[in-house]
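As structure tokens, one chain now follows by itself in the form predicted alone.
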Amino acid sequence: MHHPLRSHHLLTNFGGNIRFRPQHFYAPTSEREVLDILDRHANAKIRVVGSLHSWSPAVVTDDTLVDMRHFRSVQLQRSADGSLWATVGGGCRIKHVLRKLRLHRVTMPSIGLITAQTIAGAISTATHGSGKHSLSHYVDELRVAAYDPATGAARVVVLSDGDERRAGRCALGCMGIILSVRFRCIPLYDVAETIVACTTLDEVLEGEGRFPLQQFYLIPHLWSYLVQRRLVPREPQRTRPVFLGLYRAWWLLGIDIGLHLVIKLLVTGLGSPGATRWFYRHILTRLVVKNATVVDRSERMLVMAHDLFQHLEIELFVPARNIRRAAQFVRSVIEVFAGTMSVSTGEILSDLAGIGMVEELRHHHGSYTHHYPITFRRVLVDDALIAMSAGTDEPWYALSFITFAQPHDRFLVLATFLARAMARLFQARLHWGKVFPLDGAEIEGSYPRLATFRTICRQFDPKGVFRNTFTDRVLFGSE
């Protein structure tokens, strides 16, 4: 019998916006223990905790919480064609996976900005990088602890094909507990990156053919772009060690730490919207090393120390066909919130008039000055049922909005307005693992395979044990 490690312990997520106190807290060490926990709490509610880096309430439960920290093995197997396949425990952190794979000269097929996440947590919310599919898309097989619909007993199910695998690739924990995942590794590769300044979005997008891994930033209040143009070089050409070391030091000390300290000072220290706008208009781009190409390992170039400073984030996915209008809309909304533009003329007026949100935006005029660059990342279509970039025949752009302000109230007003308006105007979808102010009725038509996903969840969890208030609200609310 596996007893809880502790109960009634207050847990807080990375962003500080989610706090909850589960009654039971387990950290099983074997699949048998996981099944015992499921059987013991078959009439309760069970959620799984990873690194707590998510900003959404997907993890919250006041009943039973399972920590898969002991499921962190990384096993490699070579197939007949010479490919290496990795089977990774659900509780293994991505940074640990990358280290293990590097010893065998291979890496993961997709890498997101954050490596502190567990592999199961990253998959459950379709974590992504830029220029590729999300990590979920590449998962070939999942071992999941769930319930037998005939007997009600806990069992281990292997998802290796069809819609069951597509559902498991991004399920927010609603299909059971992920014990392990399997994916094909790819050879280690380098990434060449050059940061350039662009005046228009068209100029940015013209570079995608040559720089398929690029990501870019819309600089608020300046309204131009900084672009990390990235590609995999055809020939090995690693940057000289001395310059590479200096570049890494500049990025860590100047961007990951220095820039964020300045932003925190502007926002929480000075608290001056005017100073924030002045900084972005006149200073930021001068601090960035531009037009110098640096080549380094992919797992260094594609990630950031995104978790050094507590922040709150919402991320909206927009179909590629709508990205130009969406970017202009974002600029206009942020300017209205900052008080530097009125809602009187132009495209934003006609857009909002069509969905009855003009007066709502006018009400927020001058209420909040956004203080962080908006990140754009291109994500290819995922072969999953409810991944944010699934179910279409075109890529998506993920737009990330971040705040360091405390309290978060004014940012959340902006985030909610953008989410509601962009869902209606541009068919935007919200990242499941970040701030999620919409409900099921507002996203019902966004996912063509949502009904199939619900059916499969009921097969694996007939009593809804693996669901919580959040998943009921956003995924099952219409049932």
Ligand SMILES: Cc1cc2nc3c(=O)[nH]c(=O)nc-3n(C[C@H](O)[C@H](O)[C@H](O)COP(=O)(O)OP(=O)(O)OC[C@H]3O[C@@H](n4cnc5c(N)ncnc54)[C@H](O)[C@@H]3O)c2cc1C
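Please read all numbers here as calculations on a predicted model, not as lab measurements. Residue numbers run from 1 along the displayed sequence.
Not pictured, yet referred to below: the form predicted together with the named molecule.
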{"query": "Residue among V59, V435, A421, L38 with a heavy atom within 4.5 Å of the named molecule in the model of the complex", "finding": "V59"}
{"query": "Contact flag, V48 vs the named molecule in the model of the complex, heavy atom cut 4.5 Å", "finding": "yes"}
{"query": "Exercise: T125 in contact with the named molecule in the model of the complex, heavy atom 4.5 Å", "finding": "yes"}
{"query": "Contact test in the model of the complex: T369 vs the named molecule, heavy atoms, 4.5 Å", "finding": "no"}
{"query": "A384: touches the named molecule in the model of the complex, heavy atom cutoff 4.5 angstroms", "finding": "no"}
{"query": "Which of 153-161, 356-364, 279-287, 305-313 sits within 4.5 Å of the named molecule in the model of the complex, heavy atom basis", "finding": "305-313"}
{"query": "Sequence-ordered residues of 97-133 touching the named molecule in the model of the complex, heavy atom within 4.5 Å", "finding": "G112, L113, I114, Q117, T118, A120, G121, A122, S124, T125, A126, T127, H128"}
